[in-house]
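Here you get one chain, nothing else, as structure tokens; it is the form predicted alone.
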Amino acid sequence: MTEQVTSAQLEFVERQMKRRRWVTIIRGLVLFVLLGAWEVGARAGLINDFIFSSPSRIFFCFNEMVRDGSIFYHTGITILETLISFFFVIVLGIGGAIILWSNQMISEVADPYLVMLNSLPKSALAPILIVWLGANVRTIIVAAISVAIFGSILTLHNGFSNMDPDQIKLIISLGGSRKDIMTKVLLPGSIPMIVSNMKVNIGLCLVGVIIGEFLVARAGLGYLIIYGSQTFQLSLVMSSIFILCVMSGMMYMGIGMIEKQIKQ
């Protein structure tokens, strides 16, 4: 019986590995076909490569920016602004959720306002932030925080509120205070949810940074996109978007690696 189970398990693992290999191969083929069709269409005149650019033009533009070092400068600026705003979203999100969890009155009063602010298009706040804070990096970071913070507080507060009531009763029966519940049950038990929330927030912070850079920046990938579109350098725009895709994917994978370490 043991050999049969082991054999079945091995066959299942082998099928899963084979499936993953095929998924990876198909993903690569889809990307290759799309890029190839784009390049062929541009060279054959089916699409205007001045407007739509082409993979080869994007490659040469990217290579030129690597050689003069400008791509590292602008990418570094965007990464730094994203990480700073991400840090504040984590701290303020957890802190805000704890305050709402600790006081039912505050939670009931603040809930509709948080829902309203979370639903508000954050680009509408950008002109106000420019007037209040000026056209500087601080405005970009605050804009990025505003994109993620309200949803983060709502999500974490909802998770805290759904904590196992039996664990709370156990802590209380042993003479524990609300602080003990928070430090010994709430926060340790909510770490997987917090990390999962971080995976969403890192992308939202990047979106907020790009929105801010569109409006007030003189450096960063958002600035390059706006500058390239205004000067009709579409290869520059596409190169910046490509870097953003890679950067967002790497940030998401980084948080995913942290999540795997926690689950082990």
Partner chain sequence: MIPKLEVKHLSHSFHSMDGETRALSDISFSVKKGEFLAIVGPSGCGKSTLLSLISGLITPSDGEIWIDGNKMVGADPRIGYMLQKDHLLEWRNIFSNACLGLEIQKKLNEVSKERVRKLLMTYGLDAFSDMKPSELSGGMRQRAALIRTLALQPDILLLDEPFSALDYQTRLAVCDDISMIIRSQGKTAILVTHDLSEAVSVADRILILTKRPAQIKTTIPICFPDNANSPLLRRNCPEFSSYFNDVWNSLREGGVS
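Quick caveat, the model's predicted, so the values are computed rather than measured. Positions refer to the first chain, counted from 1.
Beyond what is shown, the protein has a form predicted in complex with its partner chain; the following relates to that form.
* Since exactly one of L170, I99, M193, L120 fits, which has a heavy atom within 4.5 Å of its partner chain in the predicted complex? -> It is L170 that has a heavy atom within 4.5 Å of the partner.
* Contacting member of M116, L174, V91, V131, with respect to its partner chain in the predicted complex [4.5 Å, heavy atom] -> Looking at M116, L174, V91, V131 one by one, just L174 meets the 4.5 Å heavy-atom criterion.
* **Contact test in the predicted complex: K184 vs its partner chain, heavy atoms, 4.5 Å** => Heavy-atom contact with its partner chain at 4.5 Å: present for K184.
* Asked: Could you tell me if D164 has a non-hydrogen atom within 4.5 Å of its partner chain in the predicted complex?
  -> Output for D164 is yes: heavy atoms within 4.5 Å of its partner chain.
* Give a yes/no on whether P188 approaches its partner chain to within 4.5 Å in the predicted complex, heavy atoms considered. => Yes, P188 sits close enough to its partner chain in the predicted complex that at least one of its heavy atoms falls within 4.5 Å.
* Asked: Heavy atoms within 4.5 Å of its partner chain in the predicted complex: does D111 have any?
  -> So D111 does not count as contacting its partner chain.
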